[in-house]
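A single chain comes next, written as structure tokens; it is the form predicted on its own.
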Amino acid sequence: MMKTFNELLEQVKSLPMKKVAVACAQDDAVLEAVKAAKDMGIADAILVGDEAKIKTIADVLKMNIKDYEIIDVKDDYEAALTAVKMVHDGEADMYMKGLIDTKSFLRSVLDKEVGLRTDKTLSHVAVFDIKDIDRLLFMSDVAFIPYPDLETKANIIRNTVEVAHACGIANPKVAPLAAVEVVNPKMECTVDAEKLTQMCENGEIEGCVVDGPLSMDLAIEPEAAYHKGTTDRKIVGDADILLFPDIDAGNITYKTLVHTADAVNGNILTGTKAPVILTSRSDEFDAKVNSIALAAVVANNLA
């Protein structure tokens, strides 16, 4: 079981090297992360986009461009389709966003001919390594699905559990979060949390333990569970997966951790045929490298 991103990075290095296809690779921050991932033995890359611009950035980064396959496609969306098709056809294992708007990138992911759509719900998984927490925390959904209904929440859990399994957590504990830890008919997320718990007990959600509703403190802090007298719960401050009731709660938590906590993170889009690395230009360098590593671990599990 991987408890830190350092452990995850070491695990990736021991696996057969995966290959990431980058759409519109003429992005300095993305190329810097791709170079680091290759240098660290995490992943190789196929760079699709404006070759002249890619080479100019590579020169600044002192990146030996001869070590990479480059496919020259000037048009952004055509570059995205070219890159995603390589993943669709098995020529690459992961798909990464470069200098292209998110809407166009996702359109390529969902393309009926060459994209990575499946019959699963698409959802975003953020993985955090936080100082003083003795395990990786998997959080969803913080960036993609705004206001999931009950069945969508169940699918988000299923997607996130697959990522946790790939990281060596055989039976992750899932906490559907709310402001309180008791069911309140006036708070829909608590009602959903109870139903999700029952779905897991009935075998409708497999490979994990679900216990909700839970407040954040009871989900991640054993001492809080002790003080509140909830030590008889399935989760006693030791949740692996935090399921947010909506994107507002998830995104606020995500950005608070990124900007104030002593933490590192990585993120991928799941529910696709292969892992999709959907990072933002505002993401730190480490987050981009960690996202590539996380995608590589998941891709290895899918192989």
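These numbers come from a predicted model, not from an experiment. Each residue number is its position in the shown sequence, starting from 1.
We do not show the form predicted together with another copy of the chain, though everything after this point is about it.
Undergrad: Of 274-282, 49-57, 231-239, 31-39, which is the one stretch near another copy of the chain in the predicted complex, taking non-hydrogen atoms within 4.5 angstroms as near?
TA: It is the stretch 274-282.
Undergrad: Is another copy of the chain close enough to T160, N171 and L302 in the predicted complex that each of the three has a heavy atom within 4.5 Å of it?
TA: No residue of the spot touches another copy of the chain in the predicted complex.
Undergrad: Using a 4.5 Å heavy atom cut-off, state whether K112 contacts another copy of the chain in the predicted complex.
TA: Residue-level check for K112: no, no contact with another copy of the chain.
Undergrad: Could you tell me if D248 has a non-hydrogen atom within 4.5 Å of another copy of the chain in the predicted complex?
TA: Residue-level check for D248: yes, a contact with another copy of the chain.
Undergrad: Applying a 4.5 Å heavy atom distance criterion, does V183 contact another copy of the chain in the predicted complex?
TA: V183: no contact with another copy of the chain in the predicted complex.
Undergrad: Could you tell me if I252 has a non-hydrogen atom within 4.5 Å of another copy of the chain in the predicted complex?
TA: Flag for I252 set to yes.
Undergrad: Let me know the one among L136, C167, V87, A178 whose heavy atoms come within 4.5 Å of another copy of the chain in the predicted complex, would you?
TA: Only one listed residue qualifies here, and that residue is A178.
Undergrad: Considering D217, E91, D149, E201, which brings a non-hydrogen atom within 4.5 Å of another copy of the chain in the predicted complex?
TA: Of the listed residues, the single hit is D217.
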